[in-house]
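Below you will find one chain, with nothing else, as structure tokens; this is the form predicted on its own, and questions on how it binds or moves follow later.
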Amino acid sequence: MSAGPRAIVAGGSLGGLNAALWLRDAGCEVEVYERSKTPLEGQGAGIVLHPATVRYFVENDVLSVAGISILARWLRYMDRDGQTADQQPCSYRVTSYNALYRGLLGCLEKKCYHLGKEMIGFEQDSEGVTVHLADGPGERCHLLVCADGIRSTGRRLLLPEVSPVYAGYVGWRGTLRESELTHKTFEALREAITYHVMPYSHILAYPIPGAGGELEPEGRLINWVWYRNVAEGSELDSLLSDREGVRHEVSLGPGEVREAHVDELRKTAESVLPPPFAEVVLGTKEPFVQVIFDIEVPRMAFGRVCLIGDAAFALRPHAAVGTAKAAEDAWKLGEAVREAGGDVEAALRWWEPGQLQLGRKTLARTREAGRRSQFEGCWKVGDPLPYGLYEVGDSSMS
């Protein structure tokens, strides 16, 4: 039997790992090239799961979803005094980036995952694609999957006219061990995804597994995200300039945000947040910042090359399906390659329309959620969450 197509996946985060696994199982010979020289643990904090996010684990019975996540039983709105303003039962599962990354990486052969390998260019012809790496000779493949995120080299080369569009606000993020919370705050936030809505801003928190995957309260973390409007220009430039004065494009990690901005965050937290939220923000030693962007591409397939996940559509986090969208792109790609009998170009032609439609619809919904909460001020206590990939509500998991 002849060997299947050789696929190179540029980008070794969650979307790239999903692509590698589904393509491998569809008969491809797969190699993953990740630009980072170190494993990607610690690159994110909390993630609300969706069935698409954990499909590989479930369908292959390789990892227990309950073993890497925590069940949030309540959607809770908190008022300014820290009291419950509204509470509804829910069945969302929440986890950490680290838990998902380790789980997916553990399903892939180590020899197929290469750190410190940055794609800097490629050329394709009728037979395949030559991928150029920063530190070595070109690599040939039949399919190139660009899963290289918001700063995608693949997108820049294929669609130079498409750039990330700043949404007008950032997400301050952080985690704190649940064991460090006062009893009152622990009780206020336990077993829930908790929101506080304020004029032109909102903050949320939920428990996630600990750094080592711990699921019991003494080892878990509280993950929080506070969306704050920041004017484009000098105000944003100042926030994104690290302690060495280097201006970052997308995010500043723990320990990189200048003290003046951290101090301002803490002072504002004390003055405007409910006491439980103020406690978790003030207790976080090194909060970090992620800029909120929109990215929308007119195409995802280009002969033997495709864009998936944030490389194609960067979704605002309000629908909690950025990771799910990347996983869905990857699963559908594997199905298309399998159905096309390894004919890469035919597979991509079949695959592209549905993923474009999904990306556009989901992006529109997240934009609307951002407008309502950050600029129009019409998101009210008790409003249902916009969580969902294909439709609101399909993120629920028992």
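In this text, all values refer to a predicted model and were calculated from it rather than measured experimentally. The first residue of the shown sequence is 1; numbering continues from there.
What follows is about the form predicted together with a small molecule, which we do not show.
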(request) Although the small molecule is absent from this view, report whether residue 338 comes within 4.5 Å of it in the predicted bound form, heavy atoms only. (result) no
(request) State yes or no: in the predicted bound form, is some non-hydrogen atom of residue 326 no more than 4.5 angstroms from a non-hydrogen atom of the small molecule? (result) yes
(message) Taking any heavy atom pair closer than or equal to 4.5 Å as contact, tell me whether residue 97 reaches the small molecule in the predicted bound form.
(response) yes
(request) Answer yes if any heavy atom of residue 257 is within 4.5 Å of a heavy atom of the small molecule in the predicted bound form; otherwise answer no. (result) no
(request) State the residue from 63, 40, 358, 369 whose non-hydrogen atoms include one within 4.5 Å of the small molecule in the predicted bound form. (result) 40
(request) Can you check 259-267, 118-126, 85-93, 213-221 and let me know which stretch has heavy atoms within 4.5 Å of the small molecule in the predicted bound form? (result) 118-126
